[in-house]
Every structure is written in structure tokens, then in C-alpha cells.
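Below, in C-alpha cells: the form predicted on its own, a single chain.
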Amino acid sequence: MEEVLYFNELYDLYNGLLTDKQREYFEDYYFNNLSFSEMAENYEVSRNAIFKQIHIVTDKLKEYESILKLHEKRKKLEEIVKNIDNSELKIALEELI
């Protein structure tokens, strides 16, 4: 479950770097909870093709994060904001992240 949340967070950050088809596959699998078999039937491809594409997409998301580190930086910022005492500053920063 934690891995699913992680990929969803990466997708939120990096989905614009994926192709339309990759976004469709990712969303069907992770958001719409379709099985590989259901997706294969919908897209008229093999189950194995869907399986490979999902892995390609998740590998790309991990690669983008390893280079850009937007997820890591966001988590660090969230932790810093938690410890800020100035409520106005805290609200302003929370709106940004």
C-alpha cells in the first residue's frame, strides 16, 4: 500500500513527462484499480504488454525522482513547515506545498 501511495505522489509530480498512453495505463491501474487482464481486454493487447508498460512507467517515475528529487524536497519542506511556530508563515508555506 505504501508503494502505491509513493507512485501516486510521483505521478502527481511527473505525469506531464509521460506519454498519453503511459498516463492512461497508470491511471487505469493505480486510480481505477483495473487488473492487467481487464486493461489488456480494453486496449486489445496482451496482459504481458500491460504488465511491461506499467513497469516502464513506474521505472520512469523513479528515474525522474532520482534526478529531480521533487518528492524528496517536498517531504523535507513539509517536515520543516510542521516545526514552524509563526502561524502566518506556516499557512503561507503550506499553501505553496
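Residue numbers run from 1 along the displayed sequence. Quick caveat, the model's predicted, so the values are computed rather than measured.
In what follows, reference is made to the form predicted in complex with another copy of the chain, a form of this protein that is not presented.
J.: Taking 4.5 angstroms as the cut-off for heavy atoms, does Met1 touch another copy of the chain in the predicted bound form?
T.: No, Met1 sits far enough from another copy of the chain in the predicted bound form that none of its heavy atoms falls within 4.5 Å.
J.: May I ask you to state whether Ala49 is within 4.5 Å of another copy of the chain in the predicted bound form, using heavy atom distances?
T.: Judged by the heavy-atom cut-off of 4.5 Å, Ala49 is well away from another copy of the chain in the predicted bound form.
J.: So in the predicted bound form, is another copy of the chain close enough to Leu68 to count as touching (4.5 Å, heavy atoms)?
T.: Yes.
J.: Find out whether any non-hydrogen atom of Leu5 is located within 4.5 angstroms of another copy of the chain in the predicted bound form, and reply yes or no.
T.: Flag for Leu5 set to no.
J.: Sequence order please: the residues of 61-97 with a heavy atom within 4.5 Å of another copy of the chain in the predicted bound form.
T.: Sequence-ordered list: Tyr64, Ile67, Leu68, Leu70, Lys73, Lys76, Leu77, Ile80, Ile84, Leu89, Ala92, Leu93, Leu96.
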